[in-house]
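Taking the form predicted alone, here's one chain by itself in structure tokens.
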Amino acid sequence: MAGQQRYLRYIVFALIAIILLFFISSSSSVPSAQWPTYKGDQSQTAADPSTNKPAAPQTGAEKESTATTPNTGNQLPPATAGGERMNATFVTLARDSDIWEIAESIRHIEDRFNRKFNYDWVFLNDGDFGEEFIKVTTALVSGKTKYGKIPKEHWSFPDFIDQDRAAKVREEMKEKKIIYGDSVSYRHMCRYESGFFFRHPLMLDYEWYWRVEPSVKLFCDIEYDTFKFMAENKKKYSFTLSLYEYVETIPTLWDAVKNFTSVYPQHVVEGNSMKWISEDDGKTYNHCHFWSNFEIGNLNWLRSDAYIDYFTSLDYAGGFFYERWGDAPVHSIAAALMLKKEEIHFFNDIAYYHVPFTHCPTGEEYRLSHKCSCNPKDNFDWNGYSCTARFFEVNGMEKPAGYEKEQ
């Protein structure tokens, strides 16, 4: 009896072994999955990214034609907008030492905007640009790049400036720890941006400009042509951030402005933005200004007799060197007095950063639809030190929905 049970167990084990061998041999005949290849191997089918399904097998002729050439049939078309371009350029004041900071700025501008429009870029320097700066920036910009040297007479002390007096002022500002108070180059820069950049021979080819500084960032996609928007809506100056200027840097600027307006009253237009920069009809200046490290504007306005007379008057007053007048209040006061209110535009939709301030568009729906990466809590617009809320009030504009949450 025990022997019969042993034989039965052997028979059961043998049957199990036969069944396992059958399944193993069957599984080895199942074809392996067909994965897309990306390194020039045309022997397998490629995946269609729009459906996530395998594409139809290639014919013999197709295989032969792509044997040594990458198959680009499924790639997206260039992200370039159609239509005519405006006569416009980006403009940057930089030196060779700024190469990697400006490279970061270019990358932001190109990724968020210019890859669609391919506008030119003008680089200006008080010295000569080196080979590496030119090579790197040219590679990053989708439009043409141009490199210009600033004439010495535009980046030096004018003959009418008492340099001993100017040096004494710088020393006093250094003791008071006023930002850039002891810097000579910063003063040359402010004077140049105030009155000369738009007169450089390279800039004379253009009608519109977008100023870009090293180490700035854009946080949202810009799907439309900002230059065309400015032209079609009859805008001449624009901003993303506004704030109050350091009082210590411009103690006599408003006196110089009032002297200008008394000599050239014809340059002050009706319907201007005086109420934005003064709370007593022009008797005093409240120090509000547009932060000029971002500007999109009209070059013909800056080249006008009105603006040239304005800058020349301020220049002879000496405040660029005897004090520390910045180009931001100089541009802002000019725009407030010489342009109609409706000719100045606030770009809420251009998310912008320049240390230490951020403009993050107010409105969650816009931020989500335009792939914005800024934190709305960092938005400076409705901060007490910002002048943007005042700009809305003076112009009778309704503040963007949700601004209360950012105050």
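The first residue of the sequence shown is number 1, and the count goes up from there. Predicted model only: the values in this text are computed from it and were never measured.
Below: the form predicted in complex with a small molecule, not depicted.
For the candidate spot formed by Y180, E213 and H354, every residue has a non-hydrogen atom within 4.5 angstroms of the small molecule in the predicted complex. For the small molecule in the predicted complex, the listed stretch (185-193, 158-166, 227-235, 306-314) containing residues with heavy atoms inside 4.5 Å is 185-193.
Although the partner is absent here, I222 sits far enough away that none of its heavy atoms falls within 4.5 Å of the small molecule in the predicted complex. Within this chain, D98 lines the site of the small molecule in the predicted complex, having a heavy atom no more than 4.5 Å away. Under a 4.5 angstroms non-hydrogen atom cutoff, the small molecule in the predicted complex has N125 among its neighbouring residues. Contact annotation for A94: at least one heavy atom lies within 4.5 Å of the small molecule in the predicted complex.
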